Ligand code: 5GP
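Here we start with a single chain on its own, the form predicted on its own, put down as structure tokens.
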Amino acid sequence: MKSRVIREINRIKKLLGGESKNIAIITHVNPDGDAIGSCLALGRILSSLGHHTGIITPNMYPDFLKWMPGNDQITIYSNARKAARELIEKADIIFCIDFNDLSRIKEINDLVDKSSALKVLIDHHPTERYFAGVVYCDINTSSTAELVFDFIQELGFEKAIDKESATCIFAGIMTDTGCFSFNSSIPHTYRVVAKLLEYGIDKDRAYYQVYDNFSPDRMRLLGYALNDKMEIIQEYHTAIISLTREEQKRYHFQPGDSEGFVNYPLSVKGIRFSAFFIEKEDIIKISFRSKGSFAVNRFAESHFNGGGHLNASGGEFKGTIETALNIFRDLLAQYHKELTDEWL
């Protein structure tokens, strides 16, 4: 079944190939490497074509993503509401990047919803509802960054890609595939990466900036999470890590410090399903990862108001972290067969 959804591509091609436009590029709350890399690459490319672009994130993002070219041009809504609002109100075109539901941009939701600007959606998360006038989506693509590259090619603007925008696209692909360990089984992904290398990007520096650039507190928090908080449930080939707000405070937690924690238990022999619970001010955020065919996106959607990809998804729970953990443990029995089937 064809998974790519393309709608009104000729319309946006005509608009972007014509006179200068005011363009707002917006991504989801708590943006990750794919979101930031995609926005920065698209913003740079469209600016080089003569458009006036502004990039907006709903809130702050991790320091280890701030090395990417153009980072200083991002407007953070929670820190600069007036400036962000003006970018949206003046926009002729709004690009919605790496999300497919307006609830994912939190307080910016109403501003975008009420805007008369043409909305363009570029995303790789599954949905049956598309709110934008122009849609470029594919759930089988590794990342939104890869889709940005394809989108620019399809529009015929490939010559506008340079080393800096290629670096941002690579960072998006690299982070959203866990350094090509998941969501990366399609040959096209590697063909895109090969083309990005031709622009002279430094892939080793990108890796260093993202994965070898943490604070001492973050490393100590990781050690604590693995040594003291990792729970192994052998019967269901499942592992859990949880962090309370008090524990985060103890290690001077900063945004992004728990990035990737959910992946570590999958390195334990026999573990197929990993869940990470982190207590926020008013909600419990949950990350899920799996190996093989166990669909964590369906699990998240069914039980924790979430979704995502087959092997990487997220959800949330309103209540105490203890309640969330108990509900999760109780649910595992329902998935005993799926979690214990032969899968390697």
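All of these numbers come straight from a predicted model, not from anything done at the bench. In case it trips you up, residue 1 is the first one in the sequence shown, and so on.
The following text describes the form predicted in complex with the named molecule, which does not appear among the structures shown.
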Task: Region of this chain that lies against the named molecule in the predicted complex, out of 35-43, 65-73, 307-315, 51-59 [heavy atom, 4.5 Å] - done: 307-315
Open item on the list: Quick check on Arg104: any heavy atom within 4.5 Å of the named molecule in the predicted complex?
Closed with: yes
TODO: May I ask you to state whether Lys229 is within 4.5 Å of the named molecule in the predicted complex, using heavy atom distances?
DONE: no
Task: Ser287, heavy atom within 4.5 angstroms of the named molecule in the predicted complex - done: yes
Task: Members of 124-141 lying within 4.5 angstroms of the named molecule, judged by heavy atom, in the predicted complex - done: His125
